[in-house]
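Listed next as C-alpha cells is one chain, alone, in the form predicted alone.
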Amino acid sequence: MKSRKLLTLAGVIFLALALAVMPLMAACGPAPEEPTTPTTPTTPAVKGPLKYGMSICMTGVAAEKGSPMGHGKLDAIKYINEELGGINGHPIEAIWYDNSYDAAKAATIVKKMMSDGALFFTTNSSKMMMASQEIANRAGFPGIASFSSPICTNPPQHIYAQMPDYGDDFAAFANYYLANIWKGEGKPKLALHLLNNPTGSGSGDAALCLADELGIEIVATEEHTATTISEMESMTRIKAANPDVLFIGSTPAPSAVVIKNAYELGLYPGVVIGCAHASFTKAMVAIAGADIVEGVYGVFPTCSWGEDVPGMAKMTEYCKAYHPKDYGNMDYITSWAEALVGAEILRLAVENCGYDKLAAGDAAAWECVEKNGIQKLDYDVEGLHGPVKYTAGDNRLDKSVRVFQVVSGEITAVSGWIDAPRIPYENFPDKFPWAVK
C-alpha cells in the first residue's frame, strides 16, 4: 500500500514537471496547424499589390466624358481583382485622383502618383496628359493617354496613346469623305472648329499636314473654349466661307453647341459635319438633341455596345450592375478596355521583372514596366478596340478606327476598321516644331 502511494506521488511530480516544460517546447518548436475541414477552407495569403495610377476628370467642364471613363476603368479593375484574382495573385491597387480637367491639378497629381509608388499612370484626355507629360518624361515615368493628341507622343518618349489620336481621326474621316460622300468637282472646301487645347489642335495639325496631299482646301479655322455656350459669331463666319464639310475637334458639350448653332443658321443640314472621337458619344447626342445631330458623322476607335466580341458580355454585366446610366456610352468602353490593357502591361512586367523589383515603385520599376510591359504588348483587348502592339518609333498602341453616323438617334458604324498610318509631323518642322527632337 505504501509503495502504491509513493508511485502515485512520483506520477504527480512527473506530470507537474511535464506540464511545466511543455510551454517551453512549444515556444521553441513550430506551432501546431489549426485543423481544417472541407466546409471551412483556409484562405491563401494575398500577394502584394500592383499600383496603377489614374488621373481622371471625374468633375469639371469635361465630366460628361471623364465620369463614365472613370467608372469604366474602376469597374474593370473590380472585375479583374474579384473574379480573375488580380495579376498572378497580385491585386491591382487603383491610385486615382480627380483632376477636374484642370492643368494645374494634373501636374500636381502626376507627382503624387510617382511618390505613391504607382508603376505607370493614365489620363483620360490629351489636355491632362499635356499638363503631366513634361514631368513624367523627365522622370522616366511611363504614361498612357486614352484619348490623345499627336503632341503627346511625338517625338516618342515615355508617353503612349492607348488608341489612334485626334490627327488620325481627321485623316480617317477625310479619306472616308472623299471616297464615299464628296460628289463635287475640284477640291472640297473644309472648315475646322477646334477646342482651344490639344484636343482641337490635334485634328487641326493633321488637317494642315494632309490637306494638300488629300486635295482639300481649308477655308476657315475657328476655335472655342470648353465652357462655350454660343458660337453664333464664329459659325456665321464659317457659313460665309461656304464650306462643303465642317470638322469639329472637341468634347461633347461644346461640339453640341457648334452643331446646334450650325442648325440654327441653316448651315446644317447641308454642309457635311464630321467629329473627332473625343466628342462623338451618347453625351453629345443627348446634349444637342437627337433630331439636330441626325446624320452627323464621327470617328471612334472602339466597338459599339452589343457587338459580338469576347469582352462585351462581362463589360455589359458590370456596367448595368454598377453604373447603368453609362450603358450605351462608348467612353465607358474606352476605359474598361484601358484597364484590360493596363492589366496586361502589369502581367508582362511581373513575369519579366519579378514582383520584388516592381514593389519598389521607383525609377527602376518604371523602366521595367515600360520596356518589359508596354513595349512587349501584343494583345487583342477582347475585341473592344483594335489590338495593342508597340511599334518602335510609334507610341500609339492601337492603330485602328471606324467611321460612325448618327442614325435615328443612335451612333451607328458606317465603315469597317480603318488603319491609321502614322502621320510624319516631323517632316514639317516649321509647322510642327513640337514633333522634332
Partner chain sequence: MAEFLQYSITGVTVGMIYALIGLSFALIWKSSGVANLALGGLVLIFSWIFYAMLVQVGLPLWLSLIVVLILALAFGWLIERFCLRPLIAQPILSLITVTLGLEFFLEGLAVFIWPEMVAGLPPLFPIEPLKIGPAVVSQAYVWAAVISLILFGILTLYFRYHKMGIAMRATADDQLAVQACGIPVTSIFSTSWMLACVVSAIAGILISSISGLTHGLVETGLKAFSVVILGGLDSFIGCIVAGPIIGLAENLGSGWLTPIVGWGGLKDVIPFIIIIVVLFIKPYGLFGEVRIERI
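Not measured: the values here are computed from a predicted model. For the two forms, the rigid core is made up of the largest set of C-alpha atoms that agree within 1.5 Å on superposition. Residue numbers count along the first chain shown, from 1.
Heads up, the form predicted together with its partner chain isn't pictured, but that's what we're talking about next.
> Picking from 346-354, 333-341, 171-179, 253-261, which part of the chain touches its partner chain in the model of the complex when contact means heavy atoms within 4.5 Å?
It is the stretch 253-261.
> From the list Thr316, Ser304, Thr228, Asn81, which entry has a heavy atom within 4.5 Å of its partner chain in the model of the complex?
Among Thr316, Ser304, Thr228, Asn81, a heavy atom within 4.5 Å of its partner chain in the model of the complex occurs only for Thr228.
> Let me know the one among Gly409, Gly48, Pro387, Gly60 whose heavy atoms come within 4.5 Å of its partner chain in the model of the complex, would you?
Checked against the cut-off, the match is Gly60.
> Should Ala286 be classed as touching its partner chain in the model of the complex when contacts are defined as heavy atoms within 4.5 Å?
Taking the distances in the model of the complex, the answer for Ala286 is yes, it comes within 4.5 Å of its partner chain.
> Going by a heavy atom distance of 4.5 Å, is Ala240 a contact of its partner chain in the model of the complex?
Although its partner chain is absent here, Ala240 would touch it in the model of the complex, with heavy atoms inside 4.5 Å.
> Do Glu217 and its partner chain come within 4.5 Å of each other in the model of the complex, heavy atoms counted?
Flag for Glu217 set to no.
> My question is simply whether Ile292 lines the interface with its partner chain in the model of the complex - judged by any non-hydrogen atom within 4.5 Å.
Flag for Ile292 set to yes.
> Note that its partner chain is not shown here; using its position in the model of the complex, name the residues of 62-84 with a heavy atom within 4.5 Å of it, in sequence order.
Contacting residues: Ala63, Glu64, Ser67.
> Rigid core superposed, CA of Arg237 - does it shift 2 Å or more between the shown form and the other one?
Superposed on the core, Arg237 moves its C-alpha 2 Å or more between the shown form and the other one.
> Does His193 move its CA by 2 angstroms or more between the shown form and the other one when the core is aligned?
The answer is yes; the displacement is at least 2 Å.
> Cα of Asp308 displaced 2 Å or more between the shown form and the other one, core superposed?
No; that C-alpha moves by less than 2 Å between the shown form and the other one.
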